[in-house]
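As a starting point, one isolated chain is supplied in structure tokens, in the form predicted alone.
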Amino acid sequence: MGIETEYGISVPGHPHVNSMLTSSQVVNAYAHSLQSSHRPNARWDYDEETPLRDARGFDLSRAEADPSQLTDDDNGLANVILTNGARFYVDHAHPEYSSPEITNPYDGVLWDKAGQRIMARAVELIAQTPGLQPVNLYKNNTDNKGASYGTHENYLMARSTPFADIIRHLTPFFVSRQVITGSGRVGRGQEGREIGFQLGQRADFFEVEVGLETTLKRPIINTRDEPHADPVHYRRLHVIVGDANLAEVSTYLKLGITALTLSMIEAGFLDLDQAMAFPVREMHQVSHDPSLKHLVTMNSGRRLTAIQMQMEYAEQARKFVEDRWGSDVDDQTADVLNRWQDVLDRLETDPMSLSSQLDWVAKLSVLEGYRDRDGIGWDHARLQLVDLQYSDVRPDKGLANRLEARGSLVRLTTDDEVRRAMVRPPDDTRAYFRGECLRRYPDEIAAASWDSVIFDVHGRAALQRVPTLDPTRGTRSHVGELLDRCSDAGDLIDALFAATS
């Protein structure tokens, strides 16, 4: 799994600044601040990227594609690979952090949080640099002027899973998942002109059920077929419906419950009838109702709240885990199941009791405090400023950060873990090999991507590409000892090729 987040960016007092240039300054400020052993020199390798391949069995032509879909073009903007295995670059005029591959929701929270801290550090560095205007970054998804930018989740799935099954089961799951994963928003509609508060920041920007696009005519189920792995065995499910979460519990559950649901789909275990005639409309309406009373109409005639829909998934997930593992289930899976059920029970009886765990509830609690104190309605401009300030990445300015600091927003990770995750990769995926090679041999890595590392070893005529097509190999247990005994990249290349000859 992994999360990629585009951060909102502004230069106070300069609304018309070139966002691509400013975003490059953000990325470069952080990259240049690193110690030489952690400073990225390798370029991003685009050779294996296929952003126009559709899971429904065809390739969109480059002539037909919107320019924003051509993510395999090197446009010359800042684009670095960090020693923690992440990619930090400029995408669609926003600085984006794409986390390293991880295998569990806790690590997902940890390396996502590392990205947030990296962004905060970049803001601090720019403010200290003579000649540069101060920059603000926001972990949010809309500027409330009609633009939205993404927080995308990625999940490795078996290629053998029929894509029709993914669409059938995930569409109602995503429509209803907002009650847990929404980050909250003041205003409704793409430009936020309709008065009120809603659960999700992204919901109003989805216009179709299934499609390849991510910036126009956004679909609930994205069909991009770019596995970043062996395409014979794997697909990467590219999920674009999620919000940028700051509450760690929201991120943890977002990854955990989705991974469990995908496991059930892969196993052919799910037996739910939640098909809807108008899922896009229902996605909007669920988000627009923070009372959580909206009834979603199924094709069968049943009418359920989003909470009730999620309860059916949670019940099936518990049965699935008990059938497969019984009492041998791992602690984290058991914790996700228990938290999932507890959150749903509390959403049904007392949603505001979750103000320390879920983003939309935490934000609503803060906003209601302002409304009660100052006697203002939902149409007051100050509330949109509070909404924005919630997502500010600066520790002393961001409301979510301040809530967290005083214990009003639950932490799952520790500061020491996050600091380490800023520079070190996860141990149990191929990100370990990528990150450690960049840390140990920074001057001998020419390029890298999710599925390869390219070495430029002194004295050798040709570049050496080491493929990493299996995300579950290249782990610390797999290559840690090998890396420890290779003092330079030449020794590593010799050892790798000797092992495969």
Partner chain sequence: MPTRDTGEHQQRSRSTEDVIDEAPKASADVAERKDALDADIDAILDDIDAALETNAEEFVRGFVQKGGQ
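Computed from a prediction, not measured in an experiment: that's the story for all the values here. Positions refer to the first chain, counted from 1.
What comes next is about the form predicted in complex with its partner chain, which does not appear here.
- prompt: Can residue 271 be called a contact residue for its partner chain in the model of the complex at 4.5 Å between heavy atoms?
  reply: Flag for residue 271 set to no.
task: Report yes if any heavy atom of residue 369 sits within 4.5 Å of a heavy atom of its partner chain in the model of the complex; otherwise report no.
output: Yes, residue 369 is a contact residue.
query: Can you check whether residue 9 is within 4.5 Å of its partner chain in the model of the complex, heavy atom basis?
result: Yes - in the model of the complex, heavy atoms of residue 9 and its partner chain come within 4.5 Å of each other.
message: Given that its partner chain is not shown alongside this chain, does residue 421 nevertheless sit within 4.5 Å of it in the model of the complex, heavy atom to heavy atom?
response: Residue 421: no, not in contact with its partner chain in the model of the complex.
- request: Heavy atom within 4.5 Å of its partner chain in the model of the complex: which of 147, 208, 295, 132 fits that? Just give me the one.
  value: Only one option qualifies, and that one is 147.
Its partner chain: the contacting residue among 168, 188, 284, 152 in the model of the complex [heavy atom, 4.5 Å]: Of 168, 188, 284, 152, the residue with a heavy atom within 4.5 Å of its partner chain in the model of the complex is 152.
Which of 301 to 309, 316 to 324, 116 to 124, 175 to 183 lines the interface with its partner chain in the model of the complex (heavy atom within 4.5 Å): Checking each option against the 4.5 Å cut-off leaves 316 to 324.
- prompt: Going by heavy atoms, what in 399 to 420 lies within 4.5 angstroms of its partner chain in the model of the complex?
  reply: Contacting residues: 399, 402, 403, 406, 408, 410, 412, 417.
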